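Quick setup: one chain, the form predicted alone, written in structure tokens, and binding and motion questions come after.
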Amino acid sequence: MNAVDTSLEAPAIADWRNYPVSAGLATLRPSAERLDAVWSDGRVSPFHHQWLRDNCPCSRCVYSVTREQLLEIVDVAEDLHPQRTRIDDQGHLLIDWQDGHHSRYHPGWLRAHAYDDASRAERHAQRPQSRLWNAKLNEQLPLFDYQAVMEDERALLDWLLAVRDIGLTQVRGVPTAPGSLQAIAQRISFIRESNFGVLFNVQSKADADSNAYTAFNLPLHSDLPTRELQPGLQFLHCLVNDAVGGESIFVDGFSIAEALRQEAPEDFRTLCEMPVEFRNKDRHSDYRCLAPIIALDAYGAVSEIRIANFLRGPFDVAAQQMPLLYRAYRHFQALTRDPRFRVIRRLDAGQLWCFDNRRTLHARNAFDPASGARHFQGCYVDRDELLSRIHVLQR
């Protein structure tokens, strides 16, 4: 390998993550439109010239402070190609472009972003996977200690991973003073404010602006399906619970959706494709959102459930589709009532639920407000904040 004149090269700027070298660059095979990298384990990764130039990490192409890209690919020639390529003594790929620009790529970074079939399949297999659950979670509920989560980064990460992958957790030993919820929610990030406030009080009251603030039975639902972006995480913290009734009920909406996909693919497809309007209105606000009940991500996996029967507007689809939508909707609702999917727990003072509101549907049995005090506080944190916090902790 030839030595490189480092005076010609700006130092490479890494992003905030680390990229271990699982396999080194062995040889390079140039062609008209791309450079094929042969790795020490035999894998061959094609890198097109435009992709390589687009991802140059030098200080002219990436701002060293923010580590965000400066280069726009339209500003380089479409037929740009390397004048010279080689592997340096540290195993980096070096490219001298025909316009005089110089690029240096770390082998770990290249391997982590390679787009040959094997590398893409490897990355896909490493993506976080939702762990579907049913009524058996009653015996396997993820439990966490408040003090540990507040003081220890490892305990915090364990909790957040459970929230991400399972979508339902309980934290115990939480102080019961009003407002205590704010501190643990902010261990993740800032709280998402809504028309119900930063922290909202879940109590029975005469002038309720939501069925949640009554003593009624509250059927399974996601919160704020009336918003374009439903809150990602919901916290419910019990300050006092001396009333008879009011047990919490949860089902894994992703499990329900997958059961529907297996048992009735047409119904599943209907709920993925036909939009439903949800409405939330009071004297001072009027929120509406039209969206399907089941949303899929770019890989075809279920990524969101949007449902609250008490906030649903009349169905508005073509006449020939109306029977299909009702059949699918009834099927979904029936599955949420199936005991095999339901987790039922009473929340006591000093305990809180933290769950994925866009996945885990929650409900509450009716309670008797005359039998004792019942006061919960709640708040929301967006799912993006959870994922960001996990990434930073894992770094």
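Residue positions are given as counts along the sequence shown, with the first one as 1. Here the structure is a predicted model, which is why all the values come from computation and not from measurement.
Beyond what is shown, the protein has a form predicted in complex with a further copy of the same chain; the following relates to that form.
None of the heavy atoms of R84 is located within 4.5 Å of a further copy of the same chain in the predicted bound form. Looking at E263, you'd find every heavy atom of it more than 4.5 angstroms from a further copy of the same chain in the predicted bound form. Proximity of D41 to a further copy of the same chain in the predicted bound form: non-hydrogen atoms within 4.5 Å are absent; the residue sits far from the partner. Of the heavy atoms in N365, none are within 4.5 Å of a further copy of the same chain in the predicted bound form. With the partner omitted from this view, the residue of E139, D242, E151, E78 that lies near a further copy of the same chain in the predicted bound form is E78 [heavy atom within 4.5 Å].
A heavy atom within 4.5 Å of a further copy of the same chain in the predicted bound form is found for one listed residue only; from R172, H113, H106, R269, this is H113.
The candidate spot formed by G300, R340 and R359 is out of contact with a further copy of the same chain in the predicted bound form: none of the three has a heavy atom within 4.5 Å. The stretch in contact with a further copy of the same chain in the predicted bound form, judged by heavy atoms within 4.5 Å, is 325-333, chosen from 325-333, 348-356, 366-374, 24-32. Residues are counted as partner-facing when one of their heavy atoms sits within 4.5 Å of a further copy of the same chain in the predicted bound form; in 47-84 these are H48, Q50, W51, D54, N55, Y63, V65, T66, R67, E68, Q69, L70, L71, E72, I73, V74, D75, V76, A77, E78, in sequence order.
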